[in-house]
Each structure stands twice: as structure tokens, then as C-alpha cells.
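A single chain, nothing else alongside it, follows as C-alpha cells in the form predicted alone.
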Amino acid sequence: MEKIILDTDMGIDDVFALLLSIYSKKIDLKAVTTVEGNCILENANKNALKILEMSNCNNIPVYSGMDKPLQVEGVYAEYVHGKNGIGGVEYTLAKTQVEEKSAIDYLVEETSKYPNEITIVAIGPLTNIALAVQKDPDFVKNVKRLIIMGSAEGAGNVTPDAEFNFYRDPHAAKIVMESGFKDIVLVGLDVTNRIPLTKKLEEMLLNINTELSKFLYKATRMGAEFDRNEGLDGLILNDPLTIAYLIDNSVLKLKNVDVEIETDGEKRGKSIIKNSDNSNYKFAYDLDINKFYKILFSEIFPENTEIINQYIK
């Protein structure tokens, strides 16, 4: 099993990633660390705690992280994810609370306790990861590998050049990219823009007809409308692709790259991707779309594979 810490800003697609981390038998989710991005930090914490409670996983701790970028003014994606981060869907608060220890302290201490055993999956802005790098020089070498949802070699989704997570905190992204992690996999818009929650898949969620599938359908309404107005085929499922890769690495095609991050001006958050045979950083440039969908929904809804197989061949 892959031991992971999920570092997340708990928007709608983060919910799918968290659920996939919980339900897959190939993933051992040690903890959730939160960061502000898609929504304010308080809502990210509430969302993480609620999804864990809904999944009967209250034993998995949540550590609260940073509520602002390192240097620039913060931006949010509430226009996609709603004010509460999950499409405005109302719910009763979880009975559990976030841990007293900060996300940064937890990241440093846990990877120090289990060096080269824990993969960090960062699906929000990289603020927590950058601060952990700065806090402890051994953090970088203690992390087994770092899987990041971020970057774009082609067009961005918040500006023509920049993907949201890197735009939100470009200085953090720069620190992380220059820190010397032994293994980084970048999963960016070049692949994730090809995996929307299509109307066919929305219909599948309704036909699965469980409390969880109905919750996911409701939570995706606002994001689906926004992304379709942008010319896409539905809500883009950016974040769960990182977990699907850990479950079955054949879902992605990777190339070795060097990465530079623009931090200022009109190009803020832009990823400059250069092919490099000597780099241990990998960039996803292609994917098996049907395999991703099959992994995502079969792992979350294992008792509904007959319905899933009708929609995903």
C-alpha cells in the first residue's frame, strides 16, 4: 500500500481525490493537511472533516495549514467551487475537529519519523509544502515522492498562462520546484482538462443512487455549469488523477523535465517546462481517459460496478 498525506484546499474535485484515497485498497491515507485556495481555510477544514465522517474515517486526522500565500495577495476559486468549497451544498458539521498541531509541523515530523516511506500528494497551492521545506532542511530528503496537481505546459485556467494552484502561490511553487525533491510528478492541465465529469457520468452518479453519489452530483452542479460555459464538457476532475496514478501508474504517460516558475507580473504562476533526460522531475503529457474514469468510480463505488460498466467501457 502507498502511504500518503493528502495536502488539499478541499474544493469539489478535491472531494473526489479524498474519497479515492479513502476507498482504494492500494492507498493508506495517514492524514489530511489543508491549505487555503479553492475556498477559505475554515471551509477547507470543515469539508475535509465532513467527507471523512461521511466515509466512517473519523480516525484519519486533519491538520490545518496556511491561510495565505507566501508573498502575493490570495485569490480564490469560489466562482467554480462555491463559497463553501463544495458547490454550496449544505451539510451538518462533522463532530470531529482539526488537530492542534499545524499542518507544517505535522508534515515535517511525520516524514522525519518515517523517512522515505510517505508520499505527499499536493492538490492545492504549495504553501504548506514550501514552508515545510524552509522549516527543516531534511524534509526534502525524507519525503519518498511528491505528486503535485499543478502546472500547465499549454493554456492556464486562471490566466492564459497559469494554472490556479501555481498562480495562487507562485513563490511557494518556485521554492518546491527548486528544493531538490528526489521524485516529483507534475499532473497539470495538459492532462486534467481531458477528464471532465460529462453528462453521461452525471447520469451514472444518479443511477448509482446512493447517498454519496447523490451528494457528489449535487456538489458538482455549480462547477459543471461554470466549466461548460467555458467550453468544456463538464466539471474538470483535476485532483483525483493524482491518486489514480498512485493506484495504477499506467494511467499517465510521463516525460522527464526541468521546471521554472514565473512569480511576478502578467506571467505570474506560469510553468516553463523543458524536456530534460537528466531530471528526476516528471511531467504528465498524456493519459488513458477511460482507465482513469474506471479507477475513480470503481474504487469509490465498488458495489456498483455493473452500473459503472454500462457507462465506462
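All values derive from a computational prediction rather than experimental measurement. One-based numbering along the sequence shown.
Just so it is clear, the following notes concern the form predicted together with a small molecule, a form of the same protein that is not shown.
The shortest heavy atom separation between residue 213 and the small molecule in the predicted bound form exceeds 4.5 Å.
Interface residue remark: residue 238 is counted as part of the site for the small molecule in the predicted bound form, having a heavy atom within 4.5 Å. The closest heavy atom approach of residue 84 to the small molecule in the predicted bound form falls outside 4.5 Å. Using a 4.5 angstroms limit between non-hydrogen atoms, residue 189 touches the small molecule in the predicted bound form. Among the residues 103, 197, 149, 143, the one placing a heavy atom within 4.5 Å of the small molecule in the predicted bound form is 149. No residue of the trio 161, 169 and 271 has any heavy atom within 4.5 Å of the small molecule in the predicted bound form.
Screening 285-293, 301-309, 5-13, 21-29 for residues having heavy atoms within 4.5 Å of the small molecule in the predicted bound form returns a single hit, 5-13.
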